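The chain below stands alone, shown as structure tokens; this is the form predicted on its own.
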């Protein structure tokens, strides 16, 4: 049984895709043992509770400095004893000590085809705004391992999505989620659970 912790900052639509994937058998032999958010108001925490999953808010605002927050985050993750940590829209930089503690055991979903529109400052709608401004015809999503850079770890899966002429950042964001993110994130977890090669 693959034990996963999902870290999320917002609504938790990717978390829901994982929950649904486990429920309908698209993700094999996997259990979400905990959900962690840095945002007490994140609907993801409610999604976790509705599905009987332990949930916690570890917010930088509750700690005197970043180092204390990082320690608390790592301690909570360690309590869950996960095999895999899934960053599903987690808008917090993962501390280096956590990456060292879980080498090649942290994955992230990013809403572009890395190396395009990634790195520092590219998150949420900003990614889609940049894609539309550049005039790309195809965008998508990427699942990658997390290393000490920003969106620089080894790529596991990617899926492309067509850009429409009348797209806004919000319509493009929604299509990338529906056609790419919610597809490849469950696929990546399933392949890790099955110990398949990428």
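Residue numbers count along the first chain shown, from 1. None of the values given here were measured: they were computed from a predicted structure.
Keep in mind that the form predicted in complex with ligand GAR is missing from the display, and what follows is about it.
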Inset, instruction - Would you confirm whether the three residues 154, 157 and 187 all fall within 4.5 Å of ligand GAR in the predicted bound form, going by non-hydrogen atoms? - result: no
Inset, instruction - Although ligand GAR is absent from this view, report whether residue 124 comes within 4.5 Å of it in the predicted bound form, heavy atoms only. - result: yes
Inset, instruction - Tell me, yes or no, whether residue 91 is in contact with ligand GAR in the predicted bound form, where a contact means a heavy atom of each within 4.5 Å. - result: yes
Legend entry - Distance check, residue 10 to ligand GAR in the predicted bound form, heavy atom within 4.5 Å: yes
Legend entry - residue 22, heavy atom within 4.5 angstroms of ligand GAR in the predicted bound form: no
Inset, instruction - Sequence order please: the residues of 170-198 with a heavy atom within 4.5 Å of ligand GAR in the predicted bound form. - result: 177, 181
